[in-house]
Ligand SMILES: C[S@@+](CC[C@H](N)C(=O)[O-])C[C@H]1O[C@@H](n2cnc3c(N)ncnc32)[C@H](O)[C@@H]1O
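Take a look at this single chain in structure tokens; it is the form predicted on its own.
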Amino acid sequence: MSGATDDLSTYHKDHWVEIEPDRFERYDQLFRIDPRFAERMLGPVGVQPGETVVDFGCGPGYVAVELARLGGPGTTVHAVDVNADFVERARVVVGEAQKDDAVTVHHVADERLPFADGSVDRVYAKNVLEYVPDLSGTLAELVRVLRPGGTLVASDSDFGFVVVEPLDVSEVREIFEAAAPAFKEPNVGRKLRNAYRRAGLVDVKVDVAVTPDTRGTLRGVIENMLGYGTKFGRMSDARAVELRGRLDAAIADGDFFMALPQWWVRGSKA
């Protein structure tokens, strides 16, 4: 490893500030949203017409565009990210969707937001809080920009609940333990309810949503984990090749099954 990723103790943050081209392309494909299914995927965010919304950790911008569409006329979305390439890509995606009037993309250096206190109606964080260096500090910042009565919505993973067939439980654990330095809190899903409450949010509600994958759509998630494991020297190249081969054979044979539960957590600012 080189550059910003030399220190594994900060890799969970560093590898989002700088993203290798192959991983960037994988994310650009993985984060795309078919507009036909956008309401089913993002409806739980609950965007209302005319709201000001922050998409915290916007990536390549596909979520921000769909949030603006779901909100309808008068909705303003501020998309923020720490990665300059994501920001550039997001601006292109917003332009192609002809949503420049509704979506503004911001490049930020850290988790601090360039918005005034109490200035936004809703914040959405999609698969971001597992990476932030300081969960309580980040939640405090997100709460800061919310108006009284505003809503913080997060959807995030908890890798202790992942199922990947044909791998057994110990092999799934092996993959995620090898990739562990890529996450500050790999089990953040189960921790968010109490973290919200400690941040002063009220009416905190938790839902767990699971969409089973039998076609290999989530195969890229496992590929990322295998890549991390070999990069960190916590898994051998030979072992990663073996696991890849079994997964790909299962997809080809129709035997693949993966479940990656998402914790949807909502809370309101008092």
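The structure displayed is predicted, hence computed values, not measured ones. The first residue of the sequence shown is number 1, and the count goes up from there.
Same protein, other form: the form predicted in complex with the named molecule, not shown, and the subject of what follows.
- Here the chain stands alone, but in the predicted complex its contact with the named molecule, taken as any heavy atom within 4.5 Å, falls in 23-31 among 65-73, 206-214, 23-31, 232-240.
- The three residues 16, 82 and 127 all sit with a heavy atom within 4.5 Å of the named molecule in the predicted complex.
- Site annotation in the predicted complex: the residue of 132, 188, 154, 93 reaching within 4.5 Å of the named molecule with a heavy atom is 132.
- In the predicted complex, residue 111 approaches the named molecule with a heavy atom inside 4.5 Å.
- Within 4.5 Å of any heavy atom of the named molecule in the predicted complex lies no heavy atom of residue 227.
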